[in-house]
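Heads up, the chain below is alone and in the form predicted on its own; it's given as structure tokens.
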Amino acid sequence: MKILTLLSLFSTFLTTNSNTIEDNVGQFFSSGHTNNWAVLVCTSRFWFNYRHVANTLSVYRSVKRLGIPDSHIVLMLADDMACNHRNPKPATVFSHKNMELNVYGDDVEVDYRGYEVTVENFLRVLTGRLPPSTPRSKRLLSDDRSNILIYLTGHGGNGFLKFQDSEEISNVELADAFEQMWQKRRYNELLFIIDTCQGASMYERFYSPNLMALASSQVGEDSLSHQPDLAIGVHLMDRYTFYLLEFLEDIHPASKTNMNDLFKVCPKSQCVSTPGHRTDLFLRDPGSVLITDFFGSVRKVELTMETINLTDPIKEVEQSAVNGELQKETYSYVDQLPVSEIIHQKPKQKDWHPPDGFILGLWTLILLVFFKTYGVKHLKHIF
């Protein structure tokens, strides 16, 4: 009788375990895609639009950290803030005050820069209508098994987004480009994110299937900047992308966080504007769509520092003894990525600069001392 009971418990365990494995496998293949791509576009020029470049580079850094390689990222920057003569820290672009996080880094691969960032080139990248001489790095080589993330940031209005203050793309042109992509089987699922004023107007005309869209503001609302920096003299990021980056920092390649969590990023109490999203064209339930279905790599791999001999039987790696105890050094997936040094870097002492309000407070103190000593009648000697 005891043997039968044990056999029954053992069979129940095996059934439960097999169901769990099947559920995990089903979730792994639920989206039906085999590769991920990202098209990240900053459409603004000039130094006072520093934040738009930082927005794009922040998303670029996040998707690289989560596993999308440069070969699957098309990065378009309308201006080179890192080399701008006004930049007090050449070859850097910061997204946080006190220069804590350099999102430019050492391994940024910009595919379209400066005057190459045009409406025509952007639409050609999406639809694949590029000259034969165009190198692979400037092409979106996606197919009907590709999940694509498209991120846009810049200045916009009701139904349009400006490119370099000289031209604009309308929501109708963008909707038609996505329809061409669908007809030409260039994507499986597409996530569109835009951080601009009246951003929701840009996805109102979408009509292609398997498309999900997010915007930083509703029609009639401005998308506000964030993180002013006195040393640089401009705002470092926009509010929506700042909180999006903060959200993505907690995501890892094996994360189970879904799109419903992404919709909650930057509520009106933080953004001031009202972020919006559209899911009626998307075939799957957003609650079943993982963040890594668009922001991460499809390939479930684990990096190792050990040399593996494929001809001999694999042997267990010997553990080293430290202080008389056996210990094994482990590496997390994120720490092994090439951009880990950029992600975890800390501000150096030489990077310190006065915090917000310091200069104003210093001048106020000087004026108070002057009034106390000489009185108001000598104020003309200052001005």
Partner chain sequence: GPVCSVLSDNMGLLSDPNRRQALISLLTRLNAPICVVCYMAGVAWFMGLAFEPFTLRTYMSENAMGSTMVEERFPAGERALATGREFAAHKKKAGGMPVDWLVKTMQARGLEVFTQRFSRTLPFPDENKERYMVKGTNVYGILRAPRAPRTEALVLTAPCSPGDNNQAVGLLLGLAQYFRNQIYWAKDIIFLVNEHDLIGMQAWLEGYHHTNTTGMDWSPLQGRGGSIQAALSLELSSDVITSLDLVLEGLNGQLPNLDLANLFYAFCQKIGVLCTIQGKLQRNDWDSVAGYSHSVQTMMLMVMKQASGRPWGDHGLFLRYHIEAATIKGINSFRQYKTDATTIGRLLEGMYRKLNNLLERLHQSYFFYLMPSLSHFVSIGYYMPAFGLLAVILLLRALDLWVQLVTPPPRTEDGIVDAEQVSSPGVLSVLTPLVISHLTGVALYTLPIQFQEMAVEHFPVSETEAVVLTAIAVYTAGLALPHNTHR
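Not measured: the values here are computed from a predicted model. Positions refer to the first chain, counted from 1.
Beyond the structure shown, there is the form predicted in complex with its partner chain, which is absent from this document and is the topic of what follows.
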Using a 4.5 Å heavy atom cut-off, which stretch among 144-152, 229-237, 272-280, 107-115 contacts its partner chain in the predicted complex?
229-237
Looking at Thr127, Asn87, Asn210, Thr257, which has any heavy atom no more than 4.5 Å from its partner chain in the predicted complex?
Asn87
If we define contact as a non-hydrogen atom of the residue within 4.5 angstroms of the partner, is Phe358 a contact of its partner chain in the predicted complex?
no
Taking heavy atoms and a 4.5 Å cut-off, does Cys83 contact its partner chain in the predicted complex?
yes
Its partner chain in the predicted complex - contacting residues of 46-63, heavy atom within 4.5 Å
Phe46, Trp47, Phe48
